[in-house]
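In the form predicted on its own, a lone chain appears below as structure tokens.
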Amino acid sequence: MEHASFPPLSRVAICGGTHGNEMTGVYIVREMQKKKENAARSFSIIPVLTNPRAVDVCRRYADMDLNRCFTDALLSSPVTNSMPYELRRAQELNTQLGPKGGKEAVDLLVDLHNTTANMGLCLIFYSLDWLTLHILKYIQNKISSVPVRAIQLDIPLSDAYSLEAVGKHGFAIEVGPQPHGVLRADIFNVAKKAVDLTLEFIQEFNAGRRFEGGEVEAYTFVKSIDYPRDSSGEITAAIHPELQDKDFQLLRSGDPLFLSFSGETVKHDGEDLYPFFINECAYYEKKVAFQLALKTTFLLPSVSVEKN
């Protein structure tokens, strides 16, 4: 493949607390806010506690899910007295870190999340961005304590709904399992290591290092699966024990999905796909038991910083 070059990354936002009960990002950002900027860096770091009202009460959100508020339509909606707090906050963040799709946006935005699902460390991104995929590859080569994977949401930028879409480049870091409202040292440490490695990559990239191409795998979202429900909408089954905690393990036709409260097994009837966010606590309200993805291998070009 041809070589790809990008402008230097001069402004990097590290965000946490988009969901106020996902504690790893909250504490990583708070620690970063306490430290003075390193003058030796070739870029500035902007640590942002994104949803302070939700963080204060240790809830996912106050009025609505902040991480669904960054579509072009919502960011351009008129300000009113009745506007939900998170929608108003999304517009404030877009002004501070964007605007989304604009030349003044931060060069890289990393948003830190936790999941109750057994997903290890995941980078979630929208587009096939060679630079962010190289950051993934860099982290994969440096972290061996947990699986490091990528999830692609194949959505146009205008419809991209989460915070990382505001930056010129961006991704979410999703790490778990960790209960909401709880801080675990092992989960904190692996997320902090991923942030540190991202910053290390940027420093080397800006200094002129050429990162050689290669292959990386990514899981491209296909669809969400809801729990079985009765006519009144009540859940009638739980995730099957043979599926629980098996995130990113290939799901084949005939494999168990759910175990009904009466003891019956509901089996997968469809194409072979990879499940993730299995039994995620926060997704019950979204009527999502788990999501399914295709696994794709991408061939990366080598990348380096643009030369003047």
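Residue indices: 1-based, along the sequence shown. Computed from a predicted model, the values in this text were never measured in an experiment.
Another form exists, predicted in complex with a further copy of the same chain; not displayed. Remarks below refer to it.
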**Message:** Does a further copy of the same chain, in the predicted complex, lie within 4.5 angstroms of each residue among 221, 256 and 272, using heavy atoms as the measure?
**Reply:** no
**Contact segment among 163-171, 229-237, 149-157, 104-112, judged by heavy atoms lying within 4.5 Å of a further copy of the same chain in the predicted complex** = 229-237
**Prompt:** Does residue 281 reach a further copy of the same chain in the predicted complex, with heavy atoms at most 4.5 Å apart?
**Reply:** yes
**Message:** Whether residue 252 contacts a further copy of the same chain in the predicted complex should be assessed with a 4.5 Å heavy atom distance threshold; does it?
**Reply:** no
**Message:** Test of understanding: in the predicted complex, would residue 128 fall inside 4.5 Å of a further copy of the same chain by heavy atoms?
**Reply:** no
**Prompt:** Even though a further copy of the same chain is not shown here, does residue 185 get within 4.5 Å of it in the predicted complex, heavy atoms only?
**Reply:** yes
**Item:** 99, 214, 84, 181 - the one with a heavy atom within 4.5 Å of a further copy of the same chain in the predicted complex
**Value:** 181
**Prompt:** Given that a further copy of the same chain is left out here, which of 203, 189, 95, 77 has a heavy atom within 4.5 Å of it in the predicted complex?
**Reply:** 189
**Prompt:** If you look in the predicted complex, which residues in 7-33 sit within 4.5 Å of a further copy of the same chain (heavy atoms)?
**Reply:** 27, 30, 31
